[in-house]
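Have a look below at one chain only, the form predicted alone, in structure tokens format.
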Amino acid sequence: MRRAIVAAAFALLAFGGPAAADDYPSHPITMVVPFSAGGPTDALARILGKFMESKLGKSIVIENVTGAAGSIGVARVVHAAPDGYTVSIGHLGTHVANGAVYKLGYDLLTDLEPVVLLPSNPMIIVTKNAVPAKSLKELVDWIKAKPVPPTAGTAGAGSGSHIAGIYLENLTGVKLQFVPYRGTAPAMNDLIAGQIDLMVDQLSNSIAQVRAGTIRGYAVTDTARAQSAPDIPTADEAGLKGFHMTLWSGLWVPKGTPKDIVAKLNAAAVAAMNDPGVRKQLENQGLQVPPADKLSPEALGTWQKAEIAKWWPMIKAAHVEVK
């Protein structure tokens, strides 16, 4: 009798494994945003998450886990159960650059499963209104003329805003005094208040403030002008040739998450990006949806590896230190 009960229990466990994936999701999903609420990654998560809920049939709870340029939030997902109920949203900074800056307790490539590449946007060079420069050339000259390097806000060491600032230093020969924050939202608040001098920020995070006249925008870091900001020149047009940087985002889940669960999450995210209403919201923020052939989990994995090969040498050469 006892053997029969044990055998039945094992049978139920064996049956329950794949059934759990078939029934996914059966309860709310947590999407971990590794930055503070109100920033560009948080905004993207909320736009996509709201639509994905309708496709998955369960709510998506946004959890902001800040610190160490997003690496703490990513670790939260790495160490979660591989059942599809904890999802990591991040970008070039959190899922590429941090591996060159921090001694992570995880491997960005092998401890996470890629789900889908998300919309990207260029960076924009912005300053507080008190900065006298009216053009990018005047801004570079102003920085060079200052006896003390101006303060530049970042979302932390190795974040997208930090990488962009280092890139600006490399191309112009200027020196900046980087000020790390727990996200670009609090950095933007200080920029508006005049507590820091400048920032190389995501266009989606800064464009509304530029439009409102609370900060000044100089150039976007793409090869063409953004549809959401056609009046703002590219860095090439403004005299800084080759300053090209697109901050892309993506979704990941813990290593070992069943492929059919990854596929369901991928399908929900792709459907969101293809929805006209969602697409309009993304475009209004200056975000560009990836082409269809770049939306598979495998495509994100390949792109992430290529970006690591591109950016790690520059970051390491800059001797970025965590303070």
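Given the structure is predicted, the values throughout are model-derived calculations rather than measurements. The first residue of the sequence shown is number 1, and the count goes up from there.
The same protein also has a form predicted in complex with a small molecule, omitted here; what follows describes it.
- Heavy atoms within 4.5 Å of the small molecule in the model of the complex are found in one stretch of 227 to 235, 207 to 215, 176 to 184, 101 to 109, which is 176 to 184.
- Although the partner is absent from this view, residue 159 contacts the small molecule in the model of the complex, with a non-hydrogen atom inside 4.5 angstroms.
- In the model of the complex, the small molecule lies within 4.5 Å of some heavy atom of residue 202.
- Remark: residue 128 does not count among the residues lining the small molecule in the model of the complex, judged by a heavy atom distance of 4.5 Å or less.
- When contacts are defined as a non-hydrogen atom within 4.5 Å, all of 35, 39 and 155 contact the small molecule in the model of the complex.
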